[in-house]
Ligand code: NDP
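Single chain ahead, by itself, as structure tokens, in the form predicted alone.
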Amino acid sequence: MDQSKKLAIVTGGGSGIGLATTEAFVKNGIQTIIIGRDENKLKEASSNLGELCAYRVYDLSETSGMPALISEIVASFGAPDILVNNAGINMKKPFTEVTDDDFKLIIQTNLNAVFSLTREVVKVMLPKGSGSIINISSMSSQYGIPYVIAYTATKSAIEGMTRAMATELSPMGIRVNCVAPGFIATAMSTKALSNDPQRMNKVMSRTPMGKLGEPADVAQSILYLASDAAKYVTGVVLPVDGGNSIGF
């Protein structure tokens, strides 16, 4: 899959699914800019992946700085061809203990930031008449999962935004798709499941493939949707979940 001369932005690219996606992109000749808050992780990833990977340290919850961030990236590297909205945070709390501030924090990082960043990237994709945007959803948007009300709200909204953006932007050459990972062996899922045997058992019992996925499994799906191999694919939500969303 030769995607050379393409430029991608991957948020949260220093670890987990974001890092695996960046590795897949670089392996396929895509210059990739990773964005996140943890400079040590970003620097390490960039160093390991070589000259096709660069990074920018930025707190994506600070939406007011998005225009300047994208302007600087465009000035340094050119207009991006691919955007992967991967960065996100979770909070596990009983519904009645979630404060307004808790809820707003998750909404700001997982939803508002995706909207603001995508808007700015689309502005520089439109003159080229091409682009591919991949949003990241979750199994929490497929069915009800307790204790993650704010996270669920954001991921359900991401899927709706994906369809709305695809309908509006695809006539102008910009495809918009979404990947909905199942339970993947990342630091976030480990934290959520390691101290909750009941939840882990439930995950395994309803996953037909009987195991957690790997970040690379999701990354390959993102690579496909970003590539010309998916040039007639837009507005889809692709579960990468070992069958979890259809398991009984």
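So that there is no doubt, residue numbering starts at 1 and follows the sequence shown. Keep in mind it's a predicted model, so treat the numbers as computed, not measured.
Only in words, not in the display: the form predicted in complex with the named molecule, which the text now covers.
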Any chance residue 136 has a heavy atom within 4.5 Å of the named molecule in the model of the complex? yes
Residue-level question: is residue 17 within 4.5 Å of the named molecule in the model of the complex, judged on heavy atoms? yes
Please run the contact check for residue 196 against the named molecule in the model of the complex: heavy atoms, 4.5 angstroms, yes or no? no
Since only the chain is shown here, I'm wondering whether residue 219 would be in contact with the named molecule in the model of the complex (any heavy atom pair within 4.5 Å). no
Which one, 116, 142, 130, 109, lies within 4.5 Å of the named molecule in the model of the complex by heavy atoms? 109
Ok, 223, 60, 45, 70: which has a heavy atom sitting within 4.5 Å of the named molecule in the model of the complex? 60
Considering the named molecule in the model of the complex, find the one stretch among 159-167, 121-129, 88-96, 75-83 with heavy atoms no farther than 4.5 Å from it. 88-96
Contact check, 169-184 vs the named molecule in the model of the complex, heavy atom within 4.5 Å, ordered by sequence, gives 181, 182, 183, 184
